[in-house]
Each structure stands twice: as C-alpha cells, then as structure tokens.
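Just one chain is shown here, as structure tokens, and it is the form predicted on its own.
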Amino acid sequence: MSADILADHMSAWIGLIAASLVIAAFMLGMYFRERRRRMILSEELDRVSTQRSVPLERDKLTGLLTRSGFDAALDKRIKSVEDSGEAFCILYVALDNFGLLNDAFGQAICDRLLKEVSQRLTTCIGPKDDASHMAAGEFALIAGGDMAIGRATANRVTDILTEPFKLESIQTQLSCSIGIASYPEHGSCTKLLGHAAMAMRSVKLNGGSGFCQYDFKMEAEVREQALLVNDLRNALALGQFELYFQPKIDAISLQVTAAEALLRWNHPELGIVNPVVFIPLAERYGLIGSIGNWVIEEACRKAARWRQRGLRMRVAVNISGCQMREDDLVDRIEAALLRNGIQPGRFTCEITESVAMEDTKVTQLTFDKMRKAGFHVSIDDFGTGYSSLAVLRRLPAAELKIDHAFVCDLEESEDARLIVKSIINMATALNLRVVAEGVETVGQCELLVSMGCNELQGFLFSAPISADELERLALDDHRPNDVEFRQSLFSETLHNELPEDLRPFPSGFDSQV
C-alpha cells in the first residue's frame, strides 16, 4: 500500500475518532444536564411535598402531631433505634373524667385546657422526642430510653398535670391514666401504640390517676372483660341477679333494726361474681341505670313481702354516682315505693362520701329532691374522702357509715381509734346517727359501743343472706338465741314508746315499714 493511501486511511480514522469523541462529549453533557435537571426537580418536589404535609401532621388546636404525624414519627424512631440498638417508650396519656369536665365547663373552656395540657406535656419529654393529640383528652408521647425512663416521664406528667389550671374564673386540677409500652420489648411498630393504650385502660379500670407498664397478660384480661361485659348485658333479662341482705344491729341492745340490700350476680359459669368486679363495668358501659332500677324495685318488693308476713324493717340500697346524676332518680324511687306501699322514711339511700361531696348542680339537685321526698339518706364509706363540713351540713343525711378500713384496724391502731372517735363526735354534733360497717370481732364491737356508735354491721353478727333466709331468721320461733330482732319490727307500738327515728308516720302509711 502506498504512503498516500495509508495517509488517507489514517486521516479517515482520526476524523471518525474525533467525530465520535465530539458526539460522546455532547451526549455526556446532555446526560449530566438532564441528571442535574432531575435532581433539581426532585428537590423541588420534596420541598413542595414537605410544605404541603406539615399542616396535615400537626393538630390545629394543640400544635402537637396528628395521628398520621405520630405514625410517621414512630416509623422514623424505630429505624433509628434499629441502627443504634437503643430503646424508646410510648406513653398513652388519658385525662381522667375529661368528658365530665367538657359537660360542666363547655367546649371553649376545655379547648383552652387542652392547649395548656399540650404545652405542659411537651416540657416532660426531650427535644428529640414527640407528642401527639390522639383524641379528646388523650395524648401519646415518644420518650427515648428504656422502661425506667418511661416511668420517670410518667411521674413528671402526673406531677405537672396536678398543678392547678386557671381558666377565666375556673380553677381545676387534673389527674390522668398512663399506659407505657417499650420498644422492642413490648411488640412491633404496629402493636406498640395499642399496647400502651391497653395499659392505660387497665389503669382506668382500677380507678385512674396512675400509670402502669404493658404486660402480655393484659390481652387475655381484656378478652375476659369483653366476655364478662357481654354476659352482663344479658344478666338482667336472664334473671341472674339476686339481692342479699346484711342486718344492721343496734349497738346497745344488739338487736336487728334494719338491713342493707347487696347485689349479687349468679353467673352460670363463674358462680357468684363480686360486685367490686361488675359494678364498675356496669357504670362504664351504661348498664348501671337498668340494674339500679331493678335493685330499687326488688328491695321494695322484698320489704313489702316481709311486711305481709309481719316483719316491718327499714331497707337500705346503695345508690351509685351515675344514678345520682340522673334527673329522674327520685321520681323512680318514689314510684317504686308507692307501688309497694313503702313509706319514704323507711327507705335508706346509701351514697358514698366521694359522690356526696361532688359539688355539681345535678348531684345537689338530686339531694334536694331526696330531702323533699323524705328519704332516709346515709353517707357511706365515710372517712375515705375529703369531706367539707359546710357541704355535709347542707346534705339531707340522717347517718354516717364509718368505712370498714378504719374498723378493721381499731384494736391495733391508735390512729384508727382517733379517726373513728372524731367521726362519731362530729356526727353527734351534727345530730347524725353513726353506723360502723365491717365489724368482725368482739373487741371492735366493744370499742365502737364505748365510743358512742349507734349501729353495727358485719360478719360478727351476720354475713349477707338471702331475703328468704332473713325472713326465716326473723319469723322462726326456733331461731338461734344470739340473733334477736327489735320487737317493734313485728307489732304495732305506741308513738311515745319508740325512739324518734322509729316513730310511725302519719296515717295513710304503714307505720313500721
């Protein structure tokens, strides 16, 4: 091949390579330009997306995270701790009785209350932690650290919410129920919040105002409770309730003068269910109204039957806080008394001290109606609350019942003796009779009698017994020698021979019912 031809070939190859390089450079430039454009576009989309999502993640009222915002924060926290090997806790915080506050003060005041609660909650967690407003009066917190940190945070929340809230002319304190679940100990991301909420509900079931950590046994307990509530809804229709009666004893003569009606649930599989278990459930799930009506009617019916058999005795019925807030409670009691021919003064309404001290318009109105109706009112479980003498003087109460917690310690505790003596002295000054419940020993009985107690009630004298058994005990000529009934319960007695609290009522009523 000649030199000229070779030169031509070399020139062609060089031209081709140069053209290829130019094309490659052009294509590379276009690639980087397009890549940069895409990056800019992606950043812009992320920025716009972030701007648009912020309002959706924050609750407008409290400024805390919404539920969706909380879920996103929880996902982010789990990814972080999986890389670092650390732990964190979720605290589910529910304000106790928030619904009652909302009814009493109105939505505007409670919205302001929620704002201040939210501000206080954020001071209880670290700068990298999160808080969310989950529902009315309910919040969730993410606190970095193990269960010890979770408990410490719960203590801070409890303390800071007990500090008074001042809203316009209203000042109030709050209590809360808190459930704590720890990651990874107490479950995956999808279950963690539910476990914390379950622990919170466990606190509420035990009266609220406290905290507890999640336990895997709680799931079984929740299932059992759900089944129990379902059975409770049908118990009345199936005739599973029964009233037992525990006699009240005159402290001087030691004779039976009255009886307290106590509800029992005969469950077909569980046997006798303790009222301590099912009464709170009935109140929580709206069943106490119908059950309470049945108790009132059945107690009146039993008292009427006893009267027909010759036994005329005062009957006491426990009235719950939920019933006290019902506008027509007194009307329904009066109707039951009328149907069964029972004199109002022979029907005792036992109301716990904590309910009696509620200074709500509805409760006070119910007390006013009881006064006008002439019911015999007893303040139950006295000494366990924080009674105001001013409030106590305004109540239509005829007697106080000393709580069994003080009675059981009488023989061993000087403090218990001082408390009981103070209650008796205060009641005497207010012209109230005093009943001591939970009397189990002769020593307790002797101390109460020496202090001036008027009536006694407890296992020393009789356990709660069925209505039929009480009737047999009263009317059987062969009853045990240690069980005596006041003679006036069986026969007509002249007005001036009876103590004032047992004198007959005007004509038209059975004098000793």
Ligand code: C2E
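In this text the structure is predicted, and so the values were computed from the model without any measurement. The first residue of the shown sequence is 1; numbering continues from there.
Here the subject shifts to the form predicted in complex with the ligand, a form of this protein not shown in this document.
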{"property": "Three-residue site E260, E350 and V439 fully in contact with the ligand in the predicted complex at 4.5 Å by heavy atom", "result": "yes"}
{"property": "Option touching the ligand, based on a heavy atom within 4.5 Å in the predicted complex, out of I342, A94, L432, V295", "result": "V295"}
{"property": "One residue of L193, A397, I142, I319 in contact with the ligand, assessed in the predicted complex (non-hydrogen atom, 4.5 angstroms)", "result": "I319"}
{"property": "Contact test in the predicted complex: P464 vs the ligand, heavy atoms, 4.5 Å", "result": "yes"}
{"property": "G126, heavy atom within 4.5 angstroms of the ligand in the predicted complex", "result": "no"}
{"property": "4.5 Å heavy atom contact, E138 to the ligand in the predicted complex", "result": "no"}
{"property": "Residue contact check: D409 to the ligand in the predicted complex, 4.5 Å heavy atom", "result": "no"}
{"property": "Per-stretch contact check against the ligand in the predicted complex, the hit in 424-432, 221-229, 270-278, 126-134 (non-hydrogen atom, 4.5 angstroms)", "result": "270-278"}
{"property": "In the predicted complex, residues of 369-383 near the ligand [heavy atom within 4.5 Å]", "result": "D380, D381"}
